[in-house]
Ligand code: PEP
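The data below hold one chain only, encoded as structure tokens and taken in the form predicted alone.
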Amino acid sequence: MAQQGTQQVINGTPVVQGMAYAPVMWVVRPSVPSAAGGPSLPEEERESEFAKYEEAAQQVSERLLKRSESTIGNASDVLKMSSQLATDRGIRKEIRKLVLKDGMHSVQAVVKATEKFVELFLKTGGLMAERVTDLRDVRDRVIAQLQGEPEPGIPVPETPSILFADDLAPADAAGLNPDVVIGLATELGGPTSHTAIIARQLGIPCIVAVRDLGRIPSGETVLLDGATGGITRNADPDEARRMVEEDRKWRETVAAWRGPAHTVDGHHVELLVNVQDGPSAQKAAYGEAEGIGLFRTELCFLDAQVEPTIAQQVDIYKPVFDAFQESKVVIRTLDAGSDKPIAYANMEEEENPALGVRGLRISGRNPELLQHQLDAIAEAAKDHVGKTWVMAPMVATLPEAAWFTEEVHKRGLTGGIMVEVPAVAVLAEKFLTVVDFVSIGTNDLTQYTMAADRLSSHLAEYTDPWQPGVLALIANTAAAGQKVGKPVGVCGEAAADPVLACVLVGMGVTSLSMAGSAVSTVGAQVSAVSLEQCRSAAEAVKAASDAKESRYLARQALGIVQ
């Protein structure tokens, strides 16, 4: 029964713009068995009990991997990572000890081992803490497999509904049907969490980190505004339907938009796409992107136990270049580490992996990895007609930037760096004198600027790229690019926010790279405003005191109705 009374708005962090007016459907989690219970297994039954666990974990892993193969973009990436989590060696070792040594039943062993690793992940913090949702989801799937029960997941609503949840695991989020799940809100999560990334890819209006979400029961009809982050209870039905209709018309405009992107006064904005392999690049080639702004090479090697040969790497990279044969392709060298560990590249354990040996820093311990990768990129790009740009992640010092660019130049390619570390943004003009271009990774730049883990569900308000401090660093970098006459792109999730994209253009950013599903939305918004409006928006956000005010001032300057 919907609550009757005065209109009330609760707020969270907006992720995907759009309006939805529909009943709420809460995701109900399966009950978790106790880790205690039952007598110890006899010695002779323990091996077979552990084998039952291994078979169940393998089947869960294979199902998640299979789903990743039929999914594209970021949804595929996170499903692959969950697939690996199901057969993680550390978790397997703990369960083996609990079953074979302690005589624990496999279900209880899975529960107890998961509790141990949840505690470890939370204690570690950083990107590991975000994986707690994934870990618990894998636990529930393995337990269901052991008990012969249906795999847990989100029920399919009979009528269009707005989905509420504490948080969504990648397997759940990747399986959402935008025809019936027309809005999404979670109590946890952040702007770059798995839920946010997948919702953005699917185009479902989404709000995360809604602290008071639990006050709204299933069945109540609410108005969700993915642009402002507001959820309105007791909204006037006629007004709510009018707003949804206006949003529907805007979506039609987006669907009809064709590139390239130009503001109404003719300023060209280069819209590019983020890809992770050949198939995703080939699919993106049918869209409106002008090229590839971020090829995440590390996602090709998450399963690799040893370094692929140069020839093997060439075979992986070449289809990406072939998909955009005459267009610009920006390829990022190995960004292994933190939440994307690779067996042959990373240290076994670090106290704080987000601040550890990741990105270009890996080359200090394994210098041949970068040399081999650059050789493979040069070979794969031999027949590429368009521009081939190569950039390094996690650069922090001028000598690093100069050295990397020199290595790229030796192979006849264009060299640049990611702007993720605040030190680079502060000294952007100096860095731009030694590199050919820079690309701002707003996800990491935000977390390092705000000293807040970008995937912490408790810090979403800090890890928002609309934070004034983050915007100031981006503006400084863009201004430096204009001063020295070199390109400054943005390839983080901020580029997929259509309103923020206009602000970035006004700052002087020359290209925006995003998930393929966001290109038309960003293109349509950029094409609806003038360069002068974009500059006004960039100037307006300087007066903001927080992320919410930044959004308001930008929308006001762009003439977007609240």
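Residue numbers here begin at 1 and follow the sequence given. Because the structure is a prediction, the values reported are computed rather than measured.
The form predicted together with the ligand exists for this protein as well; it is not shown, and the discussion that follows is about that form.
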Practice problem: Sort through K80, R131, R332, R233 and report the residue having a heavy atom within 4.5 Å of the ligand in the predicted complex. | Solution: R332
Quiz item: Just one of Q276, N443, S76, Q467 has a heavy atom within 4.5 angstroms of the ligand in the predicted complex, so which one?
Solution: N443
Exercise. With heavy atoms only and a cut-off of 4.5 Å, decide whether R296 touches the ligand in the predicted complex.
Key: yes
Exercise. State yes or no: in the predicted complex, is some non-hydrogen atom of D225 no more than 4.5 angstroms from a non-hydrogen atom of the ligand?
Key: no
Exercise. Examine R358 and determine whether its closest non-hydrogen atom to the ligand in the predicted complex is within 4.5 angstroms.
Key: yes
Practice problem: Determine whether any heavy atom of G492 comes within 4.5 Å of a heavy atom of the ligand in the predicted complex, and answer yes or no. | Solution: yes
Exercise. Tell me the stretch among 85-93, 243-251, 484-492, 209-217 that has any heavy atom within 4.5 angstroms of the ligand in the predicted complex.
Key: 484-492
Quiz item: Of 385-420, which residues get within 4.5 Å of the ligand in the predicted complex if you count heavy atoms?
Solution: M418, E420
